[in-house]
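In structure tokens, the next block holds one chain alone, the form predicted on its own.
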């Protein structure tokens, strides 16, 4: 079975055994054909997210993807490529800091019910694989965008009953944040844990409205009539 790997500035094809996961195939290539092939891996159980790559233009976890004939493998988009399929994820992780996505002090002392836990249980399953970051088309035009997983994490903590300052979280996601998302749903489509960042961002927009913010793109629109400065064609 043949697979193609886009590595650095070259494209190379390799013959691998049938029935393997992509990660197993990469190890087979490294052990038997090219010891210099570089990629990331960790748990091999879809838990750590280290092995995320793109196959045929879609983000997958290499440890979970069953290879098919003529699969084309490449590194994640919008990440500096260190070598071959290994990318630097540091810039993506820094978006969590910019989004202020954590519980702020002082925390509210309150009983957390099973229903409370269930409300943000899915968002808490994020493994930071960066698949949603790589799939997001906004990064092609705005490299400063916070990105899906940072906004999902912001939503997770904005909904936490222990959070004493929801407005601080909301304040931090206005610039290059919730209003820059196109709601295309590509992030949701590739998440290996079934998280729906598109819906989380939609919910954050509603919370932003409650805190006095509005979509800056909407206020700048013209509706086809002469615009005398109000932004609404008046």
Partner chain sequence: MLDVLVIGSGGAGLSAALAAKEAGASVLVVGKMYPTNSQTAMAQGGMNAALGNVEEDHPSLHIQDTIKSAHGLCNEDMVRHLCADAPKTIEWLEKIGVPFSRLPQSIEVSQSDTNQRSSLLAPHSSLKSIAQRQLGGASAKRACYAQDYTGLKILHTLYDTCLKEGIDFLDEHFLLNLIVPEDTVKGATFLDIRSGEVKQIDAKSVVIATGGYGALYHGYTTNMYGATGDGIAAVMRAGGALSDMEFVQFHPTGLKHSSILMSESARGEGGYLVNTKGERFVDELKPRDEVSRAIFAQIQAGGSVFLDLRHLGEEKLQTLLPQEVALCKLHEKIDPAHALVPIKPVAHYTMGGIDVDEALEVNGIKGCFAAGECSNAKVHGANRLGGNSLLEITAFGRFAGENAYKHSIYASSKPANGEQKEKDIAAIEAIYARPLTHNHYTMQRTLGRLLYEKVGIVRENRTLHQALEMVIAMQVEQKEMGLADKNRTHNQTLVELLEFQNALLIAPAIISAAIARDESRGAHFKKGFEAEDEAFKKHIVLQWKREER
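Numbering follows the first chain given and starts at 1. Just so it is clear, the model here is predicted, and its values are computed rather than measured.
Not pictured, yet referred to below: the form predicted together with the partner chain.
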Discussion item. For the partner chain, considered in the predicted bound form: do all three of 30, 88 and 117 come within 4.5 Å of it, counting heavy atoms only?
Written reply: yes
Discussion item. Can you work out whether residue 46 and the partner chain are in contact in the predicted bound form, taking contact to mean some heavy atom pair no more than 4.5 Å apart?
Written reply: yes
Worksheet item: Does the partner chain get within 4.5 angstroms of any non-hydrogen atom of residue 140 in the predicted bound form?
Response: no
Item to complete: Indicate whether the partner chain has at least one heavy atom within 4.5 Å of a heavy atom of residue 63 in the predicted bound form.
Response: yes
Discussion item. Residue-level contact is defined here as any heavy atom of the residue lying within 4.5 Å of the partner chain in the predicted bound form; does residue 125 satisfy this criterion?
Written reply: yes
Worksheet item: Quick one: which of 34-42, 197-205, 169-177, 183-191 gets within 4.5 Å of the partner chain in the predicted bound form, going by heavy atoms?
Response: 34-42
Practice prompt. For the stretch 94-120, return the residues whose heavy atoms include at least one within 4.5 Å of the partner chain in the predicted bound form, in the order they occur.
Written response: 96, 97, 101, 102, 103, 104, 106, 108, 109, 110, 111, 112, 113, 114, 117
Item to complete: Given a change of 3 Å or more, say if the Cα atoms of residue 119 and residue 106 sit closer or farther in the predicted bound form than in this form.
Response: closer
Response to the item:
A change of 3 Å or more separates this form from the other: in the predicted bound form, the C-alpha atoms of residue 108 and residue 213 are farther
